[in-house]
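In structure tokens, one chain follows: the form predicted on its own.
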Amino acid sequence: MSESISLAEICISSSSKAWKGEGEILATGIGLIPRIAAGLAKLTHNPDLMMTDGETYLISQPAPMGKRDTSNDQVEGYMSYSRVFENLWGGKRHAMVTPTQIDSFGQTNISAIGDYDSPKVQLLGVRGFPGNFINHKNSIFIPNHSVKTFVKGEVDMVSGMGYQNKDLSNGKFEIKLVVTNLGVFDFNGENNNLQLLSLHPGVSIDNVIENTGFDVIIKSDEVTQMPTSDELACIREVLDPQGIRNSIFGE
């Protein structure tokens, strides 16, 4: 196995910790890095995670990225659309998402950039964000940590609620983990402020401050823990043997 560890692999390993110790909940990784991270969590520190094949079946082994022989899928149950929502509304789901904007309150935006009545850029619409953030915990992956994403003031359109409105949720609202190309964060600082937990190799605190549009609490400036040899084997040989993960950062 190569000794060189890529940024994508560091982010996958760090992101997988979002589901650590959570038991039997539905894990949904939306996007390449979050999806591989959810699979890694199931293969390592939380085998009880419920995971789908991306369509209608619960599987006991995460599906690898890219083309695969679906006859090899180890199906252990049926996860209809209605069952997904039963888990969602009951707070038994933890999704990792990639919003276009996030602010100091933890509010997220995937809808539009600029004035909502005449946006500069029209995006996806709010999609499932309002219900997701009200009903269950979420984590966030950001591949390009910048002031365009971590914005000053409020996001242009609130797609997912933030901590200042958490009392409106069913009590399950939480942004557990935020992983970016610069480091690992959470919103457990004083008054639910964003705080830095670790820096990826070669990244400085100044890099984080300069690329964040609001104040960040520096809880730790330690270097992010590297993936273990077992984690690397899972990523490289089982979850993403075609190396699709490397397209995220052009590695």
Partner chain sequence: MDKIVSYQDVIDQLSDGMTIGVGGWGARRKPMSLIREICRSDIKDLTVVSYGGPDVGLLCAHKKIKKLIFGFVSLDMIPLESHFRQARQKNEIDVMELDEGMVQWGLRAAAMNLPFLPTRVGLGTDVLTHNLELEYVTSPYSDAEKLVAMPALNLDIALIHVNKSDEKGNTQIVGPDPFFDELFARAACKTFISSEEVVSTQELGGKDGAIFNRFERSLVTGVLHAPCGAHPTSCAPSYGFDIKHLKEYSEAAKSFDEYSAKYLNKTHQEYIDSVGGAETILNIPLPQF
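From a predicted model like this one, the values you see are computed outputs, not experimental measurements. Positions refer to the first chain, counted from 1.
What comes next is about the form predicted in complex with the partner chain, which does not appear here.
I'd like to know whether residue 35 contacts the partner chain in the predicted complex, with contact meaning heavy atoms within 4.5 angstroms.
Close contact exists here: in the predicted complex, residue 35 approaches the partner chain to within 4.5 Å, heavy atoms only.
Residue 127 versus the partner chain, in the predicted complex: is there a non-hydrogen atom within 4.5 Å?
Although the partner chain is absent here, residue 127 would touch it in the predicted complex, with heavy atoms inside 4.5 Å.
My question is simply whether residue 74 lines the interface with the partner chain in the predicted complex - judged by any non-hydrogen atom within 4.5 Å.
Taking the distances in the predicted complex, the answer for residue 74 is no, it never comes within 4.5 Å of the partner chain.
Using a 4.5 angstroms cut-off on non-hydrogen atoms, would residue 214 count as touching the partner chain in the predicted complex?
Heavy-atom contact with the partner chain at 4.5 Å: absent for residue 214.
Specify the contacting stretch among 53-61, 38-46, 195-203, 181-189, defined as having any heavy atom within 4.5 Å of the partner chain in the predicted complex.
Of the options given, it is 53-61.
Heavy atom within 4.5 Å of the partner chain in the predicted complex: which of 165, 98, 146, 87?
Spelling it out, the residue with a heavy atom inside the cut-off is 165.
Within 114-135, which residues have a heavy atom closer than or equal to 4.5 Å from the partner chain in the predicted complex?
Residues within 4.5 Å: 116, 117, 118, 119, 120, 121, 122, 123, 124, 125, 126, 127, 128, 129, 130, 131, 134, 135.
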